[in-house]
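Let's start with one chain on its own, the form predicted alone, as structure tokens.
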């Protein structure tokens, strides 16, 4: 059912709460008496938004006269975005390098990005797609360069702006073509028009142009070149946020966009591409190139943040394997992997912040002997790295198993599955290189006995523990994602 603008507001309370919180953060910063409360205001806003989201749940209505979809698919991703923003703000308050940053501006931009992420995962109109992408991109440019006196942070911001503007331009050009073909920006109307369109080349070019913008958000090859420099130069909590939330939103946007517009059914489920488009072959090649480049370049890195940047590119390549098949099982596999990746990647960055607070850098050489002064956090980092590598008994193995099973179940792209398995073997080298430095090397001179930061330590323990928990109890997750897809 399509709701009017006025009737849609009640279902839009989570987003409105975030908007009011971002405004309140700036207002509180203007008054000396209110400024001390600014440290708690973002948490309150995110929690209230989560409460509204939980109480109302998905309405399965199309809001604002067809602009936004409020379904269980977007509900799942919104929960991820809220938890991500909450944990990043908590992590930022315990990070030495950004303690001198204006917290009000920093937190406001994180909240605005969260609103943009909400729009991306629930968009049902090309206008909302573009607004959501830009609402995420513009504050991200500022956050990546928020360390004004840091040369690498300035470089990260500049490169992010250049690559982001180029990708957004290509995406906007593709959107204009779709509007020209259908005379509308609504997904359902565009879908109906493309069903009777007799020019498959036009559809091909449109998909490729728009996917340039989407591919940039998820660091898909060949739009990944900005990722390592931006990840290295940005403050570590910002890097952690970039590696999880925008990528998840980009995956959600691609899924909804492809299935809603370019498939015969125009909805999630078992279907096929319109006009006999050979999109699965294209996605298979992109997936293979993305994961291979990510893993091979990660091996050469001496900076752990750059290493995890290339690692995140490789993980995007794994997820893109499921895009070669248009089925409910493929969607389920992607959602499951996004959920598991969310926990293991954030846990890894919690540990990086812990090391950075102690040594001042993220160089691999500074990890030598770190287990001797931080045995608990180091042990949970090992759990996280084993999960990232996709080895049992960790949830990363379950995530990869479902991705590979999609290809084997459909009896398609066996060569892509072989490349994926080989890439997983390659990733073992650089993940366990970190473990080797922590446990088998002599401690660096920079390392000194330290009192662990409780907020970082407890966050690392909680998020790392999920890697083992979801390996043992993954069936409830699969059942939940089946309900989302259906």
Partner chain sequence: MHSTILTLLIFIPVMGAVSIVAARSFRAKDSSHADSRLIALITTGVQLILSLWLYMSFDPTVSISESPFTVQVPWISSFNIEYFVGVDGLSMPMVLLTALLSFLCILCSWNINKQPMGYFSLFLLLDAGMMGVFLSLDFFLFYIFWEVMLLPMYFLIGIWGGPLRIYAAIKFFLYTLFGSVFMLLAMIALYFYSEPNTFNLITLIQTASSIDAVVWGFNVKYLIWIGLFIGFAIKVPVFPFHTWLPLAHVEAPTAISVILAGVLLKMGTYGLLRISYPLLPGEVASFAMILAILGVINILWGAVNAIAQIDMKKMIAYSSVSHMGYVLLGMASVVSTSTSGAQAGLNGAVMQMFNHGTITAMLFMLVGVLYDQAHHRWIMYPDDYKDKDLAGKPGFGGIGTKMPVFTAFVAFAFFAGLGLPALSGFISEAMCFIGGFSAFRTITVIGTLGILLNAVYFLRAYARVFLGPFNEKYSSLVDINFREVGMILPLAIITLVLGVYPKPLISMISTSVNGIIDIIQKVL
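Positions refer to the first chain, counted from 1. Everything numeric here is computed off the predicted structure, so don't read it as measured data.
There is also a form predicted together with the partner chain; it is not shown, and the following applies to it.
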>> Within 4.5 Å, heavy atoms only, which of 169, 360, 393, 200 is in contact with the partner chain in the predicted bound form?
In response: 393
> Tell me, which of 175, 382, 109, 135 has a heavy atom within 4.5 angstroms of the partner chain in the predicted bound form?
Replying inline: 382
> Counting only non-hydrogen atoms and a 4.5 angstroms cut-off, does residue 55 reach the partner chain in the predicted bound form?
Replying inline: no
> residue 340: heavy atom within 4.5 Å of the partner chain in the predicted bound form?
Replying inline: no
>> When the contact criterion is heavy atoms within 4.5 Å, does residue 441 count as touching the partner chain in the predicted bound form?
In response: yes
> Though only this chain appears here, would residue 11 touch the partner chain in the predicted bound form if you measure heavy atom gaps against 4.5 Å?
Replying inline: no
>> Among the candidate stretches 341 to 349, 80 to 88, 159 to 167, 399 to 407, which one is within 4.5 Å of the partner chain in the predicted bound form when only heavy atoms are counted?
In response: 399 to 407
> Since the partner is left out here, which residues of 415 to 433 would have a heavy atom within 4.5 Å of the partner chain in the predicted bound form?
Replying inline: 415, 417, 418, 421, 422, 424, 425, 428, 429, 432
